[in-house]
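Let's start with one chain on its own, the form predicted on its own, as structure tokens.
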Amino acid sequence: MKWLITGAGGMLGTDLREELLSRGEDVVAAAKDDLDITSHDDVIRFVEETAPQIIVNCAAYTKVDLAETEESLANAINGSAVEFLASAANRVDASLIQVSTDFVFDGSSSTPYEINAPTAPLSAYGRSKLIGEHAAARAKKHLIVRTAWLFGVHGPNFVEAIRNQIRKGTNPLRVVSDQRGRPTYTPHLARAIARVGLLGATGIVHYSDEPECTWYDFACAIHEEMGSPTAIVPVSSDQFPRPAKRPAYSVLSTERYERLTGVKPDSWRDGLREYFERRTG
């Protein structure tokens, strides 16, 4: 199978490329300098020249807070560009896999979000990703993979942010305890995308690692791996205001993924341990 990965130089794109190559797949990895996904002509030309069977769009605008003042840019990268990829996919009869987010939900649920749950994003970032979902659906063969709370060794992430704060001597370290989700190690997500892609799945699939926790719980696990004496203090979201509003509860139900693949999601604690083994700097 021939795959095209856009955003291949990023955290998820790098891990997906490694996962697919380990499976013996044919991979075209297009980083930002290789392909401007916001250019319709460039996208059409590149896809027609490479003629992939599966396109995975890992390119994204992910600056959640900055998106509140850069919504047009976020929409261009997370929305319009996906429409270009869908059009190109249709031209070469390829499947389009669009990576989306838990931020398309408003967080008012108290049970894990199923794939058909109503969307109601609270932020500009969430709105831009929902536009991207609608755009991806214009591909005749498409799969939307929603995920959450990504961390991996090839990009900035929450784990490294906490590590840096502890290294700088921040004590106590205040972390919000009233937002719940499921952290996801990007090599685990890459494996999940490869599985559902090779199965030819369409529609929407949720994947995130297990179990659910709060950002405070996640920070405590990072603290534990580091063996740091730093105190971690739980605070409310109101005590830690950010430009973009976050969903209080964004746990994704992975029931369809488990049914399609016959595989349970991986453990983010296992991913966190591997992260520390790989990123010792």
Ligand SMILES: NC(=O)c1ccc[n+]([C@@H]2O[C@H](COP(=O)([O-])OP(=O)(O)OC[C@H]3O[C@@H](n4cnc5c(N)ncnc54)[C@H](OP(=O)(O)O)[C@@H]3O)[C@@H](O)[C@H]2O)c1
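Quantities reported herein were computed from a predicted structural model and do not represent experimental measurements. Residue numbers here begin at 1 and follow the sequence given.
The same protein also exists as the form predicted together with the named molecule; that form is not shown, yet it is the one meant from here on.
Discussion item. Within 4.5 angstroms, counting heavy atoms, which one of the listed stretches 46-54, 242-250, 223-231, 31-39 is next to the named molecule in the model of the complex?
Written reply: The contacting stretch is 31-39.
Practice prompt. Could you tell me which one of 147, 95, 179, 123 places a heavy atom within 4.5 Å of the named molecule in the model of the complex?
Written response: None of the other options qualify; the answer is 147.
Discussion item. Give me the residue from 77, 159, 166, 194 that has a heavy atom within 4.5 Å of the named molecule in the model of the complex.
Written reply: The residue in contact is 77.
Discussion item. Within 4.5 Å, heavy atoms only: does residue 12 come near the named molecule in the model of the complex?
Written reply: Residue 12: yes, in contact with the named molecule in the model of the complex.
Discussion item. Can you tell me if residue 209 lies within 4.5 angstroms of the named molecule in the model of the complex, counting non-hydrogen atoms only?
Written reply: Answer no; every heavy atom of residue 209 is more than 4.5 Å from the named molecule in the model of the complex.
Discussion item. Given that the named molecule is not shown alongside this chain, does residue 62 nevertheless sit within 4.5 Å of it in the model of the complex, heavy atom to heavy atom?
Written reply: Because a heavy atom of residue 62 falls inside 4.5 Å of the named molecule in the model of the complex, the answer is yes.
Worksheet item: According to a 4.5 angstroms non-hydrogen atom cut-off, is residue 136 in contact with the named molecule in the model of the complex?
Response: Outside the cut-off, so no.
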